[in-house]
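What follows is a single chain, given as structure tokens, in the form predicted alone.
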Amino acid sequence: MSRPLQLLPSLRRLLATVARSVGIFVPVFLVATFVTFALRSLSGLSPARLQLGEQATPEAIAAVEGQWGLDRPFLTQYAAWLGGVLRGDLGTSWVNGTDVATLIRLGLGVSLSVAALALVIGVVGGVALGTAAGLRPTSRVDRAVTALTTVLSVLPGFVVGIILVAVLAVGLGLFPSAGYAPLTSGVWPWLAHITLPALALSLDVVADVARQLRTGLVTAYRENYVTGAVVRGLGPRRILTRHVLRNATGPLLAVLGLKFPSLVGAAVVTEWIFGLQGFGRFANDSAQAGDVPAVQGVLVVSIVLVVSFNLVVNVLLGRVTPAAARGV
């Protein structure tokens, strides 16, 4: 059989996985955006209150809300807003009149840089620890890894961040203590500014990845196909790389599907410690200011990030684990 014909089943499985994910994404996106847009009506907030103060007259409030199009029927407003979202227009900030998409893009670049490096550190460290523990269950190595991951999982990121700043930035002067340098300024300045916050955020990822991989390896080694591989004379290294790891990484990938979006948006305190104007800090500032269009934009981008990253994870699961490829 020719190679193109051999690739057809894999391509069909890939397309089926993408189609299932998109089929889930569309209704979830519509429901989530509807609820997101309803925030203004539910909150009772108004741009007139922010611009004119609490003592504004009803006539002045009506005039400002008319300028923002808030006097139209709710569904008409939602349809116009959703159309803008689909075109990449997330509206205008009530606080400073700036395009929300521009503000989010500035903060998202910072947070994506930190989150990506934190994920890389977490995966590399977690895979190393999880493999060491999973290959020697109930041994001293396993117990040591279990104790270490327990400690890492309960350490607050802001505490780790403060320690890293005090020791590596202030004490040893190895890294900048605060601020951000874009990638356009050079790879080293960019890495130097994101390494400490990424380390602070990566510890929980290390712990989760190590625990999931350790459990997956122990479970996989108990399966009948491993016994069959041993009977056929396959070596331990080949059994691990060709059979065990493929089935043990399923739960690990599922965890990573949830971790990356949370790293992008949930690092408010860490961003404060390292002086980063990131996505999480922008979301927090917008919520405190009552800037509804900015909060709505943040939620929309968060939804897209979660669904997109989970789509990537589902595709990887379909390629790596046999059960996922069959849609199990």
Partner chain sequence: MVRRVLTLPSGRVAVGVLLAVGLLALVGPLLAPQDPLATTTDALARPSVQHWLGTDSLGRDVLSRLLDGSRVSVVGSLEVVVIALVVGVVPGILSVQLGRVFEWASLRIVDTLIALPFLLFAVAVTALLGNGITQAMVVTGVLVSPLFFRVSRAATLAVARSAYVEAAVISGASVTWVARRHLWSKVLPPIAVAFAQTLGVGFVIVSSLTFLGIGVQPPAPTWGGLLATSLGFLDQQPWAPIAPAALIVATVWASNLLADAIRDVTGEAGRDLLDRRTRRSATAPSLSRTGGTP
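All values derive from a computational prediction rather than experimental measurement. Numbering follows the first chain given and starts at 1.
One more form of this protein exists, namely the form predicted in complex with its partner chain; it is left out here, but the text below deals with it.
* To do: Examine G84 and determine whether its closest non-hydrogen atom to its partner chain in the predicted complex is within 4.5 angstroms.
  => Looking in the predicted complex, residue contacts with its partner chain do not include G84, since no heavy atom lies within 4.5 Å.
* To do: Using the partner position in the predicted complex, report whether G66 sits within 4.5 Å of its partner chain, counting heavy atoms only.
  => Contact with its partner chain, no.
* Asked: Are any of the heavy atoms in A166 no more than 4.5 Å from a heavy atom of its partner chain in the predicted complex?
  -> A166 belongs to the contact set for its partner chain.
* To do: Determine whether any heavy atom of I303 comes within 4.5 Å of a heavy atom of its partner chain in the predicted complex, and answer yes or no.
  => Flag for I303 set to yes.
* To do: Report yes if all three of S43, V159 and I273 come within 4.5 Å of its partner chain in the predicted complex by some heavy atom, otherwise no.
  => Looking in the predicted complex, the three residues S43, V159 and I273 all sit within 4.5 Å of its partner chain (heavy atoms).
* Asked: For the chain shown here without its partner, which stretch in 211 to 219, 231 to 239, 75 to 83, 191 to 199 has non-hydrogen atoms within 4.5 angstroms of its partner chain in the predicted complex?
  -> Contact-bearing stretch, as computed: 211 to 219.
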